[in-house]
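Only one chain is included here, represented as C-alpha cells and corresponding to the form predicted alone.
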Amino acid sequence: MSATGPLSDEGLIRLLDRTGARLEDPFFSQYAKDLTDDDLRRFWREMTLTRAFDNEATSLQRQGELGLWVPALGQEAAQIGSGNAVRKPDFVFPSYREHGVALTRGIDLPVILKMFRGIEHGSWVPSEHSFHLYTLVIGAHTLHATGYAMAMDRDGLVASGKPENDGAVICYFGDGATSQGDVNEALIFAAVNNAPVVFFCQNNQFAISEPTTRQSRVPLADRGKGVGIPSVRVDGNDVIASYAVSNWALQYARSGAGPVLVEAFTYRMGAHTTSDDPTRYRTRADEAYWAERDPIARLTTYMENAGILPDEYREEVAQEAKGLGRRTRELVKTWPAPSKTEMFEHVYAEPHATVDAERAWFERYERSFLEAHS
C-alpha cells in the first residue's frame, strides 16, 4: 500500500469519507462487519468524552492547576477505533497522548492528570487495565512493548490453538518517534523474533514543530517494509477504518504471524503540548483544511444520515461530558501536594540500601532548615 510521500493520502484505508459517506474496501471491510449501531454510538460517545476531557485538562493547565498537558485534539478516531479492537488478553503500551485509548481500557480519565500535576507517576495499575503507564521518553517504550510481546509468545499466550485466549501487544507512538533509534531497534527485534506486536504510529504530521516532510521522504508505514513487517496506512480520522485495520492487525499478531506496523494518518488540531505555539510553524489555511476533516464531525454526519444518533442520546452524552469536566475540575483541586520523601517510594520492589541512605540524607537536609530557624 504505497503513497508518493509522507504527507500524501494515497493508499489510505478509508471506510468513511470526509463527508461522512460509507465506503467499502475489498479486504478491510470484513474486519468492521461486526460493528453494530450500538458499537458506533459507543465510538461516538467515547470520542466526545475524550475531547471534553482534553479541553478541560487544557483549561486546568492554563489556570495553573497542571504543570503541563498533552492534547489529543483531532486524534480521537485513531485512538477510539484502535482501542476498541483491543481485548482482555492483549496489552497496550501508550506514549503520553493516548487518552482515548485509556478510556476504552476502563481507566478513569481524571487520574491521568496526577502525572501532569506532578504528584504521581503510576496513577493506575497496568495489569488491571492491560494498559501500561504513560511513557514520556519518546520511543523508548517500543522496545519494552517488543520485549513484552516476545515474552507472551514464549509463555504460550499466542497461537495457542484457542484463539479466544490468544493475545498481542499494541504500542502507540507518534511520527516524531520514528526518528528515534529505539523505534528502529524495536522494529528489527520484533521482525526477527516474530513478536506479536502491533506498532501503531499516529502520524499527526508534526514532531512538535518539525513536519513529517523533514523526517522522511516516504510514508512512515514504509519503515516496516525495510525490516519485513507488513505495513498499512489508514485514515486516522476515520474511526471505522481505524477499528477495522487494528482489528485485522491484532488478529494477525495473535495468530503467531508476527508484527504489524500501522500508520494512522491524522492531524493534531491543537498544540503539541500546552508549552507549544503551533501558529509559529503552521498556517491558518492548513488548520481550516483539517477542521473540515474533524473525526467526530465525520462520524456524526454518517450516524445522522443513517438515523442512528437520536437527539436524546446526544443530550445524554452531552450531560455526561459536562459531568466529566466538572468532576475533573473538582478532583484536581482537591489533590494535595505529596510529601517530598515520596520520591523514594516504589523505586524498587524490595528495600534498597542506596535508596534508604539517600532518603536518610534528604530527611537530615530538610531538618537542617528547621533547626536553622528554630
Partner chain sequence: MTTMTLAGAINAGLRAAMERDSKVLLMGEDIGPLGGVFRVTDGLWKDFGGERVMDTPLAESGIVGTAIGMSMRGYRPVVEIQFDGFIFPAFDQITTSLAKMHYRSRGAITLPVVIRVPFAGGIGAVEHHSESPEALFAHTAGLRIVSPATPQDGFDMIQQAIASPDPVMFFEPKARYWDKGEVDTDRVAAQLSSEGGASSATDEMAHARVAREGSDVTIVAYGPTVRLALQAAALLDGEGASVEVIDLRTISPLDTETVVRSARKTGRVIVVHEAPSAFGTGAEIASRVTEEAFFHLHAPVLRVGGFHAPYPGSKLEHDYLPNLDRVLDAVDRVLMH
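Rigid core here is just the name for the largest C-alpha set that superposes within 1.5 Å across the two forms. Positions refer to the first chain, counted from 1. These numbers come from a predicted model, not from an experiment.
There is another form of this protein, the form predicted in complex with the partner chain, and it is not shown here; the text below is about that form.
Proximity to the partner chain in the model of the complex, defined as a heavy atom within 4.5 Å, holds among Arg62, Lys333, Lys340, Arg326 only for Lys340. Interface residue among Ser160, Gln215, Gln251, Gln205 relative to the partner chain in the model of the complex, by the heavy atom within 4.5 Å criterion: Gln215. Looking at Glu10, you'd find every heavy atom of it more than 4.5 angstroms from the partner chain in the model of the complex.
Within this chain, Arg280 lines the site of the partner chain in the model of the complex, having a heavy atom no more than 4.5 Å away. Proximity of Thr146 to the partner chain in the model of the complex: non-hydrogen atoms within 4.5 Å are present. In the model of the complex, Ser209 approaches the partner chain with a heavy atom inside 4.5 Å. With the partner left out here, the partner chain still marks one of 101 to 109, 76 to 84, 120 to 128, 293 to 301 in the model of the complex; by a 4.5 Å heavy atom cut-off that stretch is 120 to 128. Of the residues in 145 to 174, those that come within 4.5 Å of the partner chain in the model of the complex through at least one heavy atom are, in sequence order, Thr146, Gly147, Tyr148, Met150, Ala151, Met152, Arg154, Asp155, Leu157.
Relative to the superposed rigid core, Glu24 undergoes a CA displacement smaller than 2 Å between this form and the one not shown. After superposition on the rigid core, the Cα atom of Glu10 is displaced by less than 2 Å between this form and the one not shown.
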